[in-house]
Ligand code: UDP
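Consider the single chain below, provided in structure tokens and representing the form predicted on its own.
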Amino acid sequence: MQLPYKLLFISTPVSVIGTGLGGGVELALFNITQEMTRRGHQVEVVAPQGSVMQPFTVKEIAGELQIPVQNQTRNSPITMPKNSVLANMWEYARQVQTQYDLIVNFSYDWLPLYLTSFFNTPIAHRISMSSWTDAMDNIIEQVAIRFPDTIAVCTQAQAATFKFEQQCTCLLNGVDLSIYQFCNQPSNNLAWVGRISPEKGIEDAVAAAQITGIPLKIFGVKQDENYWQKTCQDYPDAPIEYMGFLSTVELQKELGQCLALLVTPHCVEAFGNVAIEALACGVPLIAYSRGGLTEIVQDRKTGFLVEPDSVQGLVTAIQRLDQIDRYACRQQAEATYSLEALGDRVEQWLQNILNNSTQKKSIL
């Protein structure tokens, strides 16, 4: 099938776009939409009612939001609310599927994976999380085997958490580098960026700030207010400042002036968009050697990888920040994480899926 394509992008059902509660999925959806549109592809984005993704128009779908998988355990069953926005978005996709060459699923949810075999239009799945529940692992594996090339992940480390890692296409992520301004003269502040919830491990960054005495600026949505309050109570002397959830343009202005970004997940994160946003500003990374971060941080060149869950490891790395060249950080972002590089990877992925679909139809 020849370029350009008509693409239908289905957003995450756990949050309204623009709130930040969708985490890295929101940024990835925006960036891929931007780059595919720039390349001449026709893109429609479907998202929960109230979503805003300027300058792009969003097809808003009403319904109750889905429970985030981070709140579930390994053996949790598949559940959906009564008037599920997830089900409603995919019912819309079913109705309009003939208008598109391909549908791209950006959610980490069971339903769209299950529906893949019932749609006539091919469905591509961008899996944003590592292995989390048995039910999800099982359905992703079924799709990966039955529909080759349709499963994409962010990193090889993420893929390695699945039994079917060889069937996964690795896309990485990317950002619009023109938005991120390089800063070579930072102020005496550290940064932490993300949803404030237990799996993100913000308390370790706060503890490191208390030990070093270096102020820590915190950016992100307070998804778990009780967790945030407990962290503040546990480290009353930590020099921290909560900056709120900022737009990308506002965030890069603040982030770029920081000495380093602390990335402290207590789970195996698939990627870590905040890490490449920091690199784009020339900000070194101090991250736990876990998950996708191991493929982003060039240890002792663009930051430091430290032992997971080790506050002392964070402190030691902070004390060595003068060894990192901030220009090297920006150069890494330009070489690997530009929108152009991301677009090449995504476009090749979509071409492979459509080629497989065309071959399958010709055989039938």
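Just count from 1 along the sequence shown to find any residue number. This one's a predicted model, so the numbers in the text were calculated from it and none came from an experiment.
Not pictured, yet referred to below: the form predicted in complex with this ligand.
Next item on the list: Heavy atom within 4.5 Å of this ligand in the model of the complex: which of F106, Y288, F219, W90 fits that? Just give me the one.
Entry: Comparing distances to this ligand in the model of the complex, the residue within 4.5 Å is F219.
Checklist line | in the model of the complex, the one of A160, L246, I211, C232 near this ligand [non-hydrogen atom within 4.5 angstroms] | finding: Checking each option against this ligand in the model of the complex, the one that comes within 4.5 Å is L246.
Check: Taking the partner as it appears in the model of the complex, which of 41-49, 24-32, 324-332, 60-68 has residues with heavy atoms within 4.5 Å of this ligand?
Finding: Correct option: 24-32.
Checklist line | Heavy atom of H125 within 4.5 Å of this ligand in the model of the complex | finding: Result no; H125 lies far from this ligand in the model of the complex.
Item checked: 4.5 Å heavy atom contact, P284 and this ligand in the model of the complex -> No - in the model of the complex, heavy atoms of P284 and this ligand never come within 4.5 Å of each other.
Check: With a 4.5 Å heavy atom cut-off, would you call G272 a contact of this ligand in the model of the complex?
Finding: G272 belongs to the contact set for this ligand.
Next item on the list: Tell me, yes or no, whether L251 is in contact with this ligand in the model of the complex, where a contact means a heavy atom of each within 4.5 Å.
Entry: Close contact exists here: in the model of the complex, L251 approaches this ligand to within 4.5 Å, heavy atoms only.
Next item on the list: Using the arrangement in the model of the complex, list in sequence order the residues of 277-295 with any heavy atom within 4.5 angstroms of this ligand.
Entry: Residue within 4.5 Å: E277, and no other.
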